[in-house]
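Coming up are structure 1 and structure 2: the same protein chain in two forms, each one given alone as structure tokens.
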Structure 1
Amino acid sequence: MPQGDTNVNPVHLDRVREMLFASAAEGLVLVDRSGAIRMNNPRLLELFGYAEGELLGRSIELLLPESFRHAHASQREGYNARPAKRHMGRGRELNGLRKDGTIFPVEVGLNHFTVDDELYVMALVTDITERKSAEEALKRNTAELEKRVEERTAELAKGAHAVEIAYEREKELHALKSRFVSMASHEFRTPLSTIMGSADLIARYTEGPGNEKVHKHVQRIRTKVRDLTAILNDFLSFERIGQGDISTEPEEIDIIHLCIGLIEELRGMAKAGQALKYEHTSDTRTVVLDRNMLVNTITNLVTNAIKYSPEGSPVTLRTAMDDGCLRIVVIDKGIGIPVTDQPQLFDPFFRAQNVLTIQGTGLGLHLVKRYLDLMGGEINYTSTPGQGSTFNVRIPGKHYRT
């Protein structure tokens, strides 16, 4: 559609709206002022176990446990009097009631609009059963750890070797944390690999025209699996560096060959219209450095540039050998870094105020700094909010002229 063209086919737009409503990943339900259900999407029926058309005209309280229905009716009347976009049940637990009588935890977001002076309220319903299970498991683990800490503290009060016992307790808890991070990361890798393999099979079985929607969702699955894998790698690297369980293993590296391979791998992460450019600006192309640390350094910098740049903007990677040092420059035209956040940029888990809605762990640049410290390198940057950032890396290393 040409830019600025306002002559859009209304029938086409209506069809797009219908598809958005029908294909939403969360449950959507529309009720009138009386609480009668006027519309719902397939996901809502799936969540509550009803058939198509079975809920239309029935009260929204049908989807709530009986003990909560009377209170909800009063709350609904209060909402009708002062409608506003908000989350429902903030500060307390909400549950839904399936047709078969089972109760499950939900999260509900409310919005409203008026058509011909008639108020309608739309609810976005999310099944948070898995989240609740994870929270309960975390509570149990926390309680267990707290119990063990209390037991150890009691032992400290009894014995004459308080310092030694405290040291052993610290080692034990630290080892427990390390084992948990390692175990959790490896346990996640197996299902992630299975998901990626299944996505690849789906893509292969649906090759050919007519399956564009399937391919779009397959690509989305692949992207999210890569994101989760990157997060796991960040946590494992952070843990290993914190433990001192990492050392440099220098080897001879063709920097051009390495960077071309990395750029090709990262193209799958690029947004629509994002061009990934690479150029090497010196005759020397071989350096002796730790390959894994160098790969992680470049990957984190380029990934950040992609993530925090808009569609259609270029991301440039430059390398050069200069006076015995490898120089790396990553340039983007993205959102930039707020001036007030720049002093904390390399702190672990720190995220700038303008990226809080973008997925990330806040570990990437911290790990880059730690890798460079281990290799004897340094990093600096310039950034202007709204105009982009440039990161400059310098790493000393042996090199050979080709």
Structure 2
Amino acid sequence: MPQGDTNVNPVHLDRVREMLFASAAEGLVLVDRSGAIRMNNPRLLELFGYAEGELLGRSIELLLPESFRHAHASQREGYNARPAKRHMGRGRELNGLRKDGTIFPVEVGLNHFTVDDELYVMALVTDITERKSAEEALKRNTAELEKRVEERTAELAKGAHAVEIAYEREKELHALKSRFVSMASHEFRTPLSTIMGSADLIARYTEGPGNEKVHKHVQRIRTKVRDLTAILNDFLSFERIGQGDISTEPEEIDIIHLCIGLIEELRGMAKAGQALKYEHTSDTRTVVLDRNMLVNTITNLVTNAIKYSPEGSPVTLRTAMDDGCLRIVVIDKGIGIPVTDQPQLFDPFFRAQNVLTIQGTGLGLHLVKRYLDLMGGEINYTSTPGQGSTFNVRIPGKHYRT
């Protein structure tokens, strides 16, 4: 402890005390055992709206709202019996009453001391109007926030339910759509096949000179029926693959036989002057694969080659067994694939810019890719716009995954 403290002038210290008392930010009030105000500082007068000397000798209860006065008087007696340094009104709201009758929130700290056997209680009064209103605002904000959180939660719950309903509905619609597409495709195919058969017969029965117009129209019927059948087949395949409704039944296939059959079927799609050429270039000619997937793969590639080549432009299909893998090459001298369209070529329903006027679903190459994925095969191509495309397929013949 520094020794200097004890040497301060006592008169000087009195003035410091006075200054502290007079300039304190809190109201100070000194009350005797009877509750009479014996001393107060200017800040207290300012807080409660009284003039200098106006409070001296008056009861402390004067500074309390009417409703608290009675209780306060008895609490004060209790305090006098067992005085302690503490905050007043812990856990309760305390209010002061101004001379003009207005009420304001306060915080009160209590202390006691005894002078010449007389007990005095000193109260330190702080106006907490601002803090209170800040607290109120905070409370209001919190309440508001809680309300909004509640509302939002309710909305989300409602939303989640709606999403669930929408999802179920979507599933139902999808199933319905699938059933419809399958049913429609099946139901359309039979009459289309009859139309085609009849068109073939008309062509046969009207052979010979003088019937060119009949043949021209028969040819149109055939072309359109084939287009429509191809579209239906694409939709059916797409649906089946999408539903996972594809069973793989690997079997030994004679590649040459299969391809000649396909070329013979697909010739009806060929344009005027378009020759279809098939060749097998290896000694081995059999492979173990799912026939349906292989047929779909080759059919789609050759159909595209025909469709996207001009009249008189040949299409070549080449097959070979190479190191246990079936290799398929389809070459055309057609319009080719624009470089900018190449990255999306295998996307479903994608159609390159230069084929928009040519009928097609945009499913063909997507289906090829899906079938090849199922067969563990791969596909790549080279294409030059205006000069043609070459598609290369490689499928492992024995290894199979479903």
Partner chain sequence: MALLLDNHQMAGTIETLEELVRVLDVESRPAGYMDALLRLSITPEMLAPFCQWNTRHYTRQCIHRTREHELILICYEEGQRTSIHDYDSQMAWIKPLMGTVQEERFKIATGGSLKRHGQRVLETGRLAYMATKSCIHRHSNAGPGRAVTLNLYARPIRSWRVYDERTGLASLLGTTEAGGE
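Start at 1 and count along the sequence of structure 1; that gives the residue numbers used here. Think of the rigid core as the biggest set of C-alphas that the two forms share within 1.5 Å after superposition. These numbers come from a predicted model, not from an experiment.
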| property | result |
| --- | --- |
| Label of the structure corresponding to the form predicted alone | 1 |
| Cα displacement of T340 between structures 1 and 2 reaching 2 Å, rigid core superposed | no |
| Core-aligned C-alpha movement of G376 between structures 1 and 2 reaching 2 Å | no |
| Yes/no, L145 Cα shift of 2 Å or more between structures 1 and 2 with rigid core fixed | yes |
| Rigid core superposed, the C-alpha shift at L201 between structures 1 and 2 in Å | 4.8 |
